[in-house]
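Single chain ahead, by itself, as structure tokens, in the form predicted on its own.
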């Protein structure tokens, strides 16, 4: 029973206490939870409005339609609720792919060194010199990016070099520390040193970089959708922006809420994620915790 209580304290209670110590980080955490809940649970509570109502085109926000209606008289709020899941899923998977690639290559390069380091850094620098968004646009011409997992993998596959260099720099610094030298003398093995000594000391930077990679992936996928390089299917915040543009919503005086709703949803998620990283720094770095 005591072990279970200690587990609950370490995994749930203590992190929440540390998050609450930073007000901006706490606000970001709360908003982030609300957006995630709305995107993944909300569709089961709020049905998607699919009925065309020509007499309610571009209605301003009201009690009946909180965020107004679109060019077909459909409720915008229901589209916001149903459009978040696809965007956040692709962003999470893209950040996961890019972070895994960067951490694997960065630690290998910094810890092993020598010829391995030279080869990995050469490949990294070559990929880093290629403009990311134009590369995605070219790939979209040859690959049908209709599968969210494929889109996430491609976004992750082109966004790992910068993080790889940063992870390598930290690995180079850590491998010179006394506790790493002691682990080598004790012949604990490379895998033990990497997973038990180096990785835990990088978790703060890796976690924050993962969050920032999610924000970058959202901008990239929405940009591709806006330019029509990703097939329009399902419900998506990026698709809402693209349809607002192609259907000339900007020329209607009452369409402001329809245009701004998906943009503000993206901005709010980005702000909450970036603000939440302040609390993450306090969780992983004891020196930054507020003393009471």
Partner chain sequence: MNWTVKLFKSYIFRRAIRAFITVLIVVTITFFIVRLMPGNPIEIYIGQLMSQYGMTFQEAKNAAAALFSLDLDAPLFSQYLDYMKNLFRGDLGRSFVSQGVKVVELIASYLPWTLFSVGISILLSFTIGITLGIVIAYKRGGLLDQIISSISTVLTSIPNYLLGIILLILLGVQLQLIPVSSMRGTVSPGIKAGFTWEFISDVFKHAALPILTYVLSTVGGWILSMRGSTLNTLGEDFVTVAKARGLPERRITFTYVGRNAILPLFTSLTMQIGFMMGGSALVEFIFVYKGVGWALWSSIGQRDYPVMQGVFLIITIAVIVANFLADLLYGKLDPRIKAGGTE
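Note that the structure is a prediction, hence the values are computed from the model and not measured. Residue numbers count along the first chain shown, from 1.
A second form of this protein, the form predicted in complex with its partner chain, is not displayed here; the remarks below concern that form.
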May I ask you to state whether residue 134 is within 4.5 Å of its partner chain in the model of the complex, using heavy atom distances? yes
Look up in the model of the complex whether residue 199 has a non-hydrogen atom within 4.5 angstroms of its partner chain, and give yes or no. no
Verify the contact flag for residue 191: yes if a non-hydrogen atom of it lies within 4.5 Å of a non-hydrogen atom of its partner chain in the model of the complex, no if not. no
Is residue 130 near its partner chain? Define near as a heavy atom within 4.5 Å, in the model of the complex. yes
Though its partner chain is not shown, can you say which of 102, 218, 95, 80 has a heavy atom within 4.5 Å of it in the model of the complex? 218
Using heavy atoms only and a 4.5 Å cut-off, determine which of 27, 36, 259, 46 is in contact with its partner chain in the model of the complex. 259
Candidate site 143, 227 and 275: all three near its partner chain in the model of the complex by heavy atom within 4.5 Å: yes
Quick one: which of 117 to 125, 83 to 91, 202 to 210, 103 to 111 gets within 4.5 Å of its partner chain in the model of the complex, going by heavy atoms? 117 to 125
